[in-house]
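Only one chain is included here, represented as structure tokens and corresponding to the form predicted on its own.
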């Protein structure tokens, strides 16, 4: 009973932090309510681990601390579960996510459980440091937990395409059956009726990298697939199963390093199309920084 207040407040803070970090947006994952139940329970476990560490250290029970850290390491299995789940769902996607995107999502879900532990740990530490203040320590430690959650979530925010490149709308042109954007041949559209659909409803854009680092990042195949998937998820795609000619295309211009996007959205809204591309996240596994190397600086 000595540490009851600390345990309750810290565990609750870790759980609420995980709830705050839980999102269900255009990606439609995690599902509601089953997916939420799984992740919230894991957040509760993470909060409990973070809350118990401080009392265990104060009591000098270092074996318990080692056990708790071992238990926390089991959150690595969360990544495997998410990877397998999303991989199984991939066959149902009209436009595939790609393995790089799936791995990125799995990493995020694993990391957010660790963040719940950090929030609970910080709340527990503040609560015990201010134990002499009575119930004021609950108020102060709660504020510390809220601030910690906000800071950690902000630090977890990665770049979007708009942060590393400029996106501009371009016209879709045809040279016979070849669909062309700028100087890049995108695909062969053999059927006349399909070419008419592209001319009437198709949209195209060029993503120009802001520098060598961005150029190397956009060259990642997983990042290119993520752009096609996310844009399709946000604004919809005009296609049915088996209609290969309407699958969104993302191709790279080797000369400039720019990406060329071609798709037929469900509704032809140019501004929504550009906004969707700009808001695609930059995958953690796709980030490249050649300018940090001697050779990269020489080439630049």
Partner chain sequence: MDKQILAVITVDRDKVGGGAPIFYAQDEEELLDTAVLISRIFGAAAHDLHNGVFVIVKH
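Residue numbers count along the first chain shown, from 1. Please read all numbers here as calculations on a predicted model, not as lab measurements.
The form predicted together with the partner chain exists for this protein as well; it is not shown, and the discussion that follows is about that form.
K.L.:
Looking at 169 to 177, 209 to 217, 111 to 119, 133 to 141, which stretch has residues with any non-hydrogen atom within 4.5 Å of the partner chain in the model of the complex?
P.N.:
Result of the contact check: 169 to 177.
K.L.:
If the cut-off is 4.5 angstroms on heavy atoms, which of these, 73, 154, 193, 92, is the one near the partner chain in the model of the complex?
P.N.:
So the residue touching the partner chain in the model of the complex, by this definition, is 193.
K.L.:
Just to confirm, with a 4.5 Å cut-off on non-hydrogen atoms, which of 255, 63, 34, 244 contacts the partner chain in the model of the complex?
P.N.:
Contact check passes for 244.
K.L.:
Is there any non-hydrogen atom of residue 86 lying within 4.5 Å of the partner chain in the model of the complex?
P.N.:
It does not: once the partner chain is placed as it appears in the model of the complex, residue 86 has no heavy atom within 4.5 Å of it.
K.L.:
Consider residue 106 of the chain shown here, and say whether it contacts the partner chain in the model of the complex, taking contact as heavy atoms within 4.5 Å.
P.N.:
Although the partner chain is absent here, residue 106 would stay clear of it in the model of the complex, with no heavy atoms inside 4.5 Å.
K.L.:
Report yes if any heavy atom of residue 189 sits within 4.5 Å of a heavy atom of the partner chain in the model of the complex; otherwise report no.
P.N.:
The answer is yes: residue 189 has a heavy atom within 4.5 Å of the partner chain.
K.L.:
Would you give me the residues of 150 to 164 that have any heavy atom within 4.5 Å of the partner chain in the model of the complex, in order from first to last?
P.N.:
Residues within 4.5 Å: none in this stretch.
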